[in-house]
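Just one chain is shown here, as structure tokens, and it is the form predicted alone.
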Amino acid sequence: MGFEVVITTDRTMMSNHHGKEFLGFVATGPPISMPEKLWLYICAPKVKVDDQGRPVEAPYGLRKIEAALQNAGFNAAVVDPDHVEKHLDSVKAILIGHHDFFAYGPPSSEWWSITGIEPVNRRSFIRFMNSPAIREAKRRGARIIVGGPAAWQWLYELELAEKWGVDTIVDGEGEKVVVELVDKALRGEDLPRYVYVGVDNVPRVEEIPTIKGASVNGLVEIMRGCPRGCRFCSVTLRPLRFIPLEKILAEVEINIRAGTRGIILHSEDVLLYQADGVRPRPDPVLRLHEEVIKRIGEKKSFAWAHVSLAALKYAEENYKLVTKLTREIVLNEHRRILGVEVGIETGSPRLAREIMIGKSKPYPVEMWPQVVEDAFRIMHENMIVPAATVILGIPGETSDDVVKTVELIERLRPYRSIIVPMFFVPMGALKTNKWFLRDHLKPEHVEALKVMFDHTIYWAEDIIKLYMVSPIHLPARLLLRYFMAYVKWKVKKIESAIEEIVKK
């Protein structure tokens, strides 16, 4: 028997990326001098499925929607994109989620702008929407509902929404609204064209369902929202909610039973779990990690999704919390590093005051560059490897702001890390501003790109050796080396082109 409600996405999302979450970011770039199929195999291999096409691991957001619908009594399941056709006789609604439908988000838009080549994730999604299975499902009357973190991108692609027969775009947390929308879809009732989930309609903690199947690479959410209020970020528009420890551990156990290679604790700031505002509290953070590590054992991988640099500095300097977590609980001979994403965004205190005054708290915003340096030193000493972002082209940015960012990145040279430049994308409170594209680059931006890429290339080999120790990761290691070499060459070409323009 097939499913009435199919929840799915394209291949770049429906993959465990060989168990290495970082490889998923490679799918946001263009296929450079190699067949796209080979590129996809390296960064987004197919996942194991059962006889109904249900994947062993699936994106966490899709798992939450699946749980909400199943709890409400619907015949719904996450289905691999290659197996949607198995449900054509039964499907009445297709729900599609994505982190970057059309490659308009970072870092996809940056690679696209720098190289001039359409990223793989955009190609893959468009190919999926044009697939015979989706076209046939729509011909038979299935309703299509799209959503997820990149729902806003459909507002730039309304013609494609019309072409593919998208009935509803859900912008925001979907666990509550999706039940009503699917009920209407199955009854054949009219659906709203666009649904925005505001702060008054997000699910309360008790309304957030526990996933019923494993998530990609064991991702488990520990909190939602962020108290820092950065103007370029949409997450800060959501209220802050802490997930109870028992629910977190239940999802950890679901993942471990399914055979995931490890666990990733997901939050905009892991160290703020059960925090006092922006000040970490050591006891709940220590207990969380102790209980999770107890369940995954010594050999499973473990990572943080995100942490703020200010929280990390405060936690270590006041409680030695980072040292306790890494040296006493998390790291061992099998887990040699702890990976995490962090946000630098700018090295200019003036610009930080304008667009992210809360990012340095509890420290004053004037201390932001020092906060970054101190946090990077702490991470380096504790074998935490950050993938850090820097945003170029923020509204109101001056040449002096970019120079200060360059100077900060140069001071971070001694610390093991990846630093990724991002071009400004209009999101959050700044969503009415214009995009920053390659044509807007100035010489100081190119210098910033060079410094960041030089930093990353300097540390890349050391990080790759620590991160990809198995022989099965050899193709991925080769791809990453090749990709970084190409980007370095491309940045030099852009620099030369800009110098020619300046001369004229």
Partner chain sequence: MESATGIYRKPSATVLVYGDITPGVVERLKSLLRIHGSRGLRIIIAPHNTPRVLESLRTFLQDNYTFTVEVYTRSTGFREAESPDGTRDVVAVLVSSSELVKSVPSSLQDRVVVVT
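Positions refer to the first chain, counted from 1. Every value quoted in this text rests on a predicted model; they were computed, and no experiment measured them.
The protein also exists as the form predicted in complex with its partner chain; that form is not presented, and the subsequent description refers to it.
Asker: Examine residue 192 and determine whether its closest non-hydrogen atom to its partner chain in the predicted bound form is within 4.5 angstroms.
Answerer: Judged by the heavy-atom cut-off of 4.5 Å, residue 192 is in contact with its partner chain in the predicted bound form.
Asker: Tell me, yes or no, whether residue 90 is in contact with its partner chain in the predicted bound form, where a contact means a heavy atom of each within 4.5 Å.
Answerer: Contact with its partner chain, no.
Asker: Does residue 373 make contact with its partner chain in the predicted bound form, using a 4.5 Å heavy atom cut-off?
Answerer: Residue-level check for residue 373: no, no contact with its partner chain.
Asker: Heavy atoms within 4.5 Å of its partner chain in the predicted bound form: does residue 319 have any?
Answerer: Answer no; every heavy atom of residue 319 is more than 4.5 Å from its partner chain in the predicted bound form.
Asker: Just to be sure I understand the contacts: of 164, 74, 102, 363, which is the one whose heavy atoms reach within 4.5 angstroms of its partner chain in the predicted bound form?
Answerer: By the 4.5 Å criterion, the partner-contacting residue is 74.
Asker: Sort through 177, 340, 292, 311 and report the residue having a heavy atom within 4.5 Å of its partner chain in the predicted bound form.
Answerer: Checked against the cut-off, the match is 177.
Asker: With the partner removed from view, which of 261 to 269, 386 to 394, 215 to 223, 196 to 204 is the stretch that lies within 4.5 Å of its partner chain in the predicted bound form, judged by heavy atom distances?
Answerer: Going by heavy atoms within 4.5 Å, the stretch is 196 to 204.
Asker: May I ask you to list the residues of 135 to 166 that have any heavy atom within 4.5 angstroms of its partner chain in the predicted bound form, in sequence order?
Answerer: The stretch touches the partner through 152, 155, 156, 158, 159, 162.
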